[in-house]
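Just the one chain here, laid out as structure tokens, in the form predicted alone.
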Amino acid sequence: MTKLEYKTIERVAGPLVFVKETHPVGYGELVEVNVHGETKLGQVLETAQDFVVVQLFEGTSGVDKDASVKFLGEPLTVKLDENIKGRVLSGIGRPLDKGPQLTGKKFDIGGAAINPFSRQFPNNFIQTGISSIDMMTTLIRGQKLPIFSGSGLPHNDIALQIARQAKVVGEKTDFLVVFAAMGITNEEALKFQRSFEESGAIENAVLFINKADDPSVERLVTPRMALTTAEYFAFEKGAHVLVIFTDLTNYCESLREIGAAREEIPGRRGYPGYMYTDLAQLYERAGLVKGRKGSVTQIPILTMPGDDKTHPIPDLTGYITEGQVVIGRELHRKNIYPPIDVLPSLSRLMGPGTGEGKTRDDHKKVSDQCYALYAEGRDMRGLVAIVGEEALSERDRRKLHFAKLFEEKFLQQGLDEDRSFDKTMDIAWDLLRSIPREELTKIDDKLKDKYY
């Protein structure tokens, strides 16, 4: 069937091209725009009776009324096979690593939502090698556990460390990391690529990199490319896949920019009203499917503008995902790395995914005890600032000391330090031994006899 070409461009607004009087076209359909011999790729964003809105992946510079528009009759796809492992690609799947173009079967990047009935409940642990995550906010296979950060905090270092170190313990299954970076600088892109290559983690990873100077439309496609790749390896090849996004704030800024170009009525703080739906379409592609071996686990990273948790991006993310890991600015100021503040952090799936046969029999109790002592110790700091340490009781002083030790020995670890789960638990028990046995009220006697 010959594909019709139109020369009916009415106007161009930002990354959008408005074309009038076309045949009926589908939402999400691929489009080629021919600009003076150069072909630009785009996608149908909106279709109405008398006009079609096309968003271009390569920017609209040079597009005028003489440009011709051809509708290709299919959605945006990515070609996938085993050879994609170890590749570094652009946000729309073009090679950035001087390798060949992608080959294999075509997959629609829109993906198919997992039927709630066929979902399996996540209950197996993924070891990240970072103590504060493994023990306090455990990551479970099939979970979506976002990292809430702020500008200037080392979230990208933490993301890279998780990507290098994450593994499934005690099972002989393929484990793969799909890393999608959105709106990052050239310097960050080089750092990510180099980190994967030097550590050898690139062999079991796929990188999608969308830079800050790439068109904002491409940013909306990048996470969908990454998730489609993850679903292929998880549900077709039976691998456990960890998807890391950084930074979702840039993704949402692109949504806002395109919404403004379409002259939509803005919602909260200028973001489009459908941002919740859009984020849910990404997050809900994590999970396990009954009868399939693989899993898709997500760690989306977002920087909270002004460290504000009530900002629409972290707020909506918190509704959809199963917990959050919060990066603390105060800990970062003390030069503690990773500066993960365990008090506001939470993993809602930690209960079913931990314990005997999964992590360790003492895991949950030790985690609860450390949390309680650290929280009380942090409270004591405020009191000490007013009345001085001498005014505290012996017991309160111990808690104050515990909080200091917890930050220095447990939270603090090297950029390349990969702690096994047993090592993490040993460090926790070492700290708990600084507290008299009878004050460890959250741990039962049987566990104290075994480990104290």
Partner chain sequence: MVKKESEGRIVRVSGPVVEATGLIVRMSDIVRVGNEKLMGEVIKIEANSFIIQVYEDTTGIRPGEPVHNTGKPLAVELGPGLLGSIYDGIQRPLQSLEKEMGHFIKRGVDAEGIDHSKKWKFTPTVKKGQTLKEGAIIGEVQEFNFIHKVQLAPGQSGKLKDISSGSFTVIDKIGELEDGTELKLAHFQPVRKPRAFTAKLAPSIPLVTGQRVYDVFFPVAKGGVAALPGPFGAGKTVTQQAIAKWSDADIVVYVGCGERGNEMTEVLTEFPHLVDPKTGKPMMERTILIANTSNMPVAAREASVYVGMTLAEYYRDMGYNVALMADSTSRWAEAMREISSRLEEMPGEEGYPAYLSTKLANFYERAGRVTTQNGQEGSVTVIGAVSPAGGDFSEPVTQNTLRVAKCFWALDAKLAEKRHYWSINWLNSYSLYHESLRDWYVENIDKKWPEKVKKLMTVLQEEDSLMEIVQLVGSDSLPESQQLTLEIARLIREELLQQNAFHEVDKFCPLTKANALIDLVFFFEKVACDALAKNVPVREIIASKTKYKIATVKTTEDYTKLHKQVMKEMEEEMKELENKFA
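Numbering follows the first chain given and starts at 1. Bear in mind that the values here come from a model prediction, so they are computed numbers and not experimental data.
Not pictured, yet referred to below: the form predicted in complex with the partner chain.
Query - the partner chain contact in the model of the complex: P436, any heavy atom under 4.5 Å - result: Close contact is absent here: in the model of the complex, P436 is far from the partner chain, nothing within 4.5 Å, heavy atoms only.
Query raised in the report: Even though the partner chain is not shown here, does P314 get within 4.5 Å of it in the model of the complex, heavy atoms only?
Result: Close contact exists here: in the model of the complex, P314 approaches the partner chain to within 4.5 Å, heavy atoms only.
Report task. Tell me, yes or no, whether A48 is in contact with the partner chain in the model of the complex, where a contact means a heavy atom of each within 4.5 Å. Result -> Looking in the model of the complex, residue contacts with the partner chain include A48, since a heavy atom lies within 4.5 Å.
Query raised in the report: So, in the model of the complex, is P339 in contact with the partner chain at a 4.5 angstroms heavy atom limit?
Result: No.
Query raised in the report: Just one of G382, P344, G104, G99 has a heavy atom within 4.5 Å of the partner chain in the model of the complex. Which one?
Result: Looking at G382, P344, G104, G99 one by one, just P344 meets the 4.5 Å heavy-atom criterion.
Query raised in the report: Between the options G200, G357, P116, G306, which residue brings a heavy atom to within 4.5 Å of the partner chain in the model of the complex?
Result: That would be P116.
Query raised in the report: Looking in the model of the complex, is the partner chain within 4.5 Å of a heavy atom from each of N156, Y251 and G328?
Result: Checking in the model of the complex: none of N156, Y251 and G328 is within 4.5 Å of the partner chain.
Query raised in the report: Which single stretch, out of 272-280, 171-179, 207-215, 125-133, brings residue heavy atoms within 4.5 Å of the partner chain in the model of the complex?
Result: Of the stretches listed, the one contacting the partner is 272-280.
Report task. Sequence order please: the residues of 220-237 with a heavy atom within 4.5 Å of the partner chain in the model of the complex. Result -> Residue within 4.5 Å: F235, and no other.
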